[in-house]
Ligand SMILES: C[S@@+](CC[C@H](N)C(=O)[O-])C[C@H]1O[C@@H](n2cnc3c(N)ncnc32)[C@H](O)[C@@H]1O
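Below sits a lone chain in structure tokens, taken as the form predicted on its own.
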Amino acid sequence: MKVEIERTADGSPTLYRQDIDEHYHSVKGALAESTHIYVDLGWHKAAQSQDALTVFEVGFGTGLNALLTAHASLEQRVPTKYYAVELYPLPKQTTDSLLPYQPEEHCSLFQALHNAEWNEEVEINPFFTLIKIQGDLLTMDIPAHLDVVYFDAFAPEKQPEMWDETLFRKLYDAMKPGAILTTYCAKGSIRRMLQQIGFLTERLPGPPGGKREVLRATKPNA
């Protein structure tokens, strides 16, 4: 799997996978996209009503979503247990090459996230515990009692197996009543599938300069 570093419109980096002609983040702004879709619409929304959170990320990738969530958890003092599943972790050479692109205040956190052992529970800061799972989401057991799901797989056109209804039903069953799932993909077919499973869905404005709409899905309270 060959990847190339590209700088996005807001100055933050993303990776480009040649084999599937796909970027890890929006070229219109990786940092803006992750902050808006996952941290603001997902984590911050859940933190308004929860004293502690359990997050499950589909696709650890460059670690950007985890980094921003770890920073928010410390800043807001909200204990967060963060699971991230990745079938193909980036090699150390690639993550090391991303380090110079990080803001100075994020460098030590970026290194801590990527140096954390896979399949182990690692305390990154007093309010953020990371469990990176190297495995196949399609066959693994998903942790239960989730408050937030970051669904950040590659696009349905590139990775259709990750957008299968069976997988979203598994996620739905693992989520608490009132839990939130956020994703950049607001396609009508995905929204209708989530509604059929039982989610309450919202199309929300995308990040500045980025996608026009994104999707937030909530599991109804019992």
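So that there is no doubt, residue numbering starts at 1 and follows the sequence shown. Source: prediction; values computed, not measured.
Just so you know, the form predicted together with the named molecule exists too; it's not on screen, but the next bit is about it.
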message: Although the partner isn't part of this model, could you tell me whether Ala144 comes within 4.5 Å of the named molecule in the model of the complex, counting any heavy atom of the residue?
response: no
- prompt: Looking at the partner-bound form in the model of the complex, is Tyr24 within 4.5 Å of the named molecule by any heavy atom?
  reply: yes
Partner proximity in the model of the complex: Gly61 to the named molecule, non-hydrogen atom cutoff 4.5 Å: yes
task: May I ask you to check whether Asp96 falls inside a 4.5 Å heavy atom distance of the named molecule in the model of the complex?
output: no
field: Proximity to the named molecule in the model of the complex, single hit among Leu109, Val85, Ala116, Leu74 (heavy atom within 4.5 Å)
entry: Val85
field: One residue of Ala32, Ala186, Ala174, Met162 in contact with the named molecule, assessed in the model of the complex (non-hydrogen atom, 4.5 angstroms)
entry: Met162
- request: Look at the candidate spot formed by Pro156, Thr182 and Glu202 and say whether the named molecule comes within 4.5 Å of a heavy atom in all three of them in the model of the complex.
  value: no
message: Just to confirm the contact call: exactly one of 174 to 182, 61 to 69, 46 to 54, 187 to 195 touches the named molecule in the model of the complex at a 4.5 Å heavy atom cutoff, so which is it?
response: 61 to 69
task: For the stretch 125 to 146, return the residues whose heavy atoms include at least one within 4.5 Å of the named molecule in the model of the complex, in the order they occur.
output: Gly135, Asp136, Leu137, Leu138
